[in-house]
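Below you'll find only one chain, the form predicted alone, shown as C-alpha cells.
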Amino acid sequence: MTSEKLKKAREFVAKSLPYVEGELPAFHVTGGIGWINDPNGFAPYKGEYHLFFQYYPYDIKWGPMHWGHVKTKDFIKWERLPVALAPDREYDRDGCFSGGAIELPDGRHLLIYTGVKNTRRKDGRVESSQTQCIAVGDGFDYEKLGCNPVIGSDQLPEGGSQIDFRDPYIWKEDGKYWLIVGNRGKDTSGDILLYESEDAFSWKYVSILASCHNQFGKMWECPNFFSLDGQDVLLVSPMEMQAVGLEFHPGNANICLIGNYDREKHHLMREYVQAIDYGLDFYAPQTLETSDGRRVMIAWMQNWETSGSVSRTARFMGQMTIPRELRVKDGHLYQNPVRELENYRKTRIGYRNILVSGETSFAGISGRYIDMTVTVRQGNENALYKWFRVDVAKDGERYTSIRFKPETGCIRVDRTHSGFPHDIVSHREFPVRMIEGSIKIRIILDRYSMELFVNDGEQAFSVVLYTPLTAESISFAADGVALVDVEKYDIEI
C-alpha cells in the first residue's frame, strides 16, 4: 500500500517535472526537481538496468531522504519512474539512506537500505540509530516488509557503532546472498562489515571485510565490492580524509583498494590503494555487472563541501557521472565512458598534427554537448613545451581550463571562472604520465558538467560547471610548441 508520504512525493514530482525538463543535462541522471546525492540500487532487473538515488524532491538542499528511481537499457537514455521509497515507517522516519538492490529467484525486486531514526536525549543531543531494512517490488512499486529492520545493532561486532552503520551493498555468489555495510569501528575509523544470508531476508554477521585503521579518513561510506580481471576490488568513500600528496584530497574523498579476498577468513588483503576519481565532484560510486560481463560504475557528481553553492534560481541540485566501464591492469583501476555513448556521436570534426604555439582555436571545435579527445606531443625537437592548455565552456568572461605541465607531470583543472556565485574550491591538480612523449585527454561535456579521462582511462576527473550555456567556445594554447590532434563529436540524445 502506498503511504501518504510516498504518494505526496510522487504527485509533487509529476507536477513539477514539466517546468524543469528544459534545464536538465542531456545524458546525465538528475532527480529532475529537487536534491539528489548517492546512487543506490544500481543493478540489473528483468533485462534493464535500474538506478535509484538519495532524493529530496521538495528543495535543492538535503532533506529527509527518499529514493528516486530511473531505468535504462543503454546507460545513456534514462526513463524516469515514480519515487520508490519515502521515510514513512517508525524505523526509517528520518530517512531512507543508501543501499543496494537485487533480483530474487521469484522475479521480485529487493531493495535493501539504511533506515534512520533520530531520538533526542535528555541532555538535548540527537542520537541516530541506523539499521538495515528491505522492501520488495516489481520495478515500479515497493512494499516495506514487517520483518524490518533485518539487520539491527544487535548484529554489530564488538565496538561497532549503531550511529554510523549504513549503505548496504548486496550480491549473490555460490548460492548465497552477501552484504557489506559501512561502519565506524572501535578505533573510531571505518570498517566494512560482511553479512551472509540464504534468502536475502535473514542475515548473519560474518566478519570485518576491511578496515581503515585511521589510515584513510574516518567513517567509510558507500562500500562496493567485486572481482575484476583477476583481482578483488573494494570502493569506499571516506569521511574526514586528510590530503595525501596529490593522490587523495581532504574532506569527503574516494578510494579504490585492490587486492585478494581470502574466502576462508572473509578478509580483503589489499595490495594497491588509489583514488578512484581526482575531480572536485565525485562521491559514493556504485557498480553493476552487465549482461555481457562488463563492470560499470556510476557516482554522485557533486561533493558535500560545495553542495550548498548552487545558484538560487536552480531547481535541481546534483547529478550522476556518466556510467563508466572499469578494468584492472597492473594493479591500477582504469575507467572510460560506457561504449554506448558512441552511438550518440554526430558530426565528427578532426585535426591532426597541428602545431600550437600561443593561443588558437579550430573551426568547428566548440559546444557544450560534446565528446572530444585531444592528443598532445612535442612540437619542437629541440625543446619540450612548458605547458599546454585547453579552455572549454568559454565566452569573453567565463571559461574552464585544463592545463598540463610536462615538468611536473600534472594536469590542473581550474573552474574559478566557470560561473559559480560563491567562493568555493575551484581547482585541483592530479598526476598523470606521458606515454612515449604524448598525453591523451578525453573531454565529455554535458551542459553543467565536465568529465576527463586521461590516457585511455588511467585517470578520471569529474567537475560540475555552472557557466551559462551560451559559453561554448573552445581554445587551445601552449607555452612553446605542441603538436596536437583533436577529434570532436557532438552528442545528440
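Quick caveat: nothing in here was measured; it's all calculated off a predicted structure. When you see a residue number, it is the position in the sequence shown, counting from 1.
This next part talks about the form predicted in complex with a small molecule, which is not shown.
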| Proximity of F316 to the small molecule in the model of the complex, heavy atoms at 4.5 Å | no
| Applying a 4.5 Å heavy atom distance criterion, does W304 contact the small molecule in the model of the complex? | yes
| message | S98 versus the small molecule, in the model of the complex: is there a non-hydrogen atom within 4.5 Å? | response | yes
| task | Give a yes or no for Y399: in the model of the complex, does one of its heavy atoms lie within 4.5 Å of a heavy atom belonging to the small molecule? | result | no
| When the small molecule is placed as it is in the model of the complex, which of 90-98, 208-216, 365-373, 228-236 ends up with heavy atoms within 4.5 Å of it? | 90-98
| remark: If we test each of V413, C222, V356, I134 for a heavy atom within 4.5 Å of the small molecule in the model of the complex, the one that passes is C222
| said: Which residue, F404, F75, W203, Y283, is the contact with the small molecule in the model of the complex, using a 4.5 Å heavy atom cutoff? | reply: Y283
| field | D38, W62 and R166 all contacting the small molecule in the model of the complex, non-hydrogen atom within 4.5 Å | value | yes
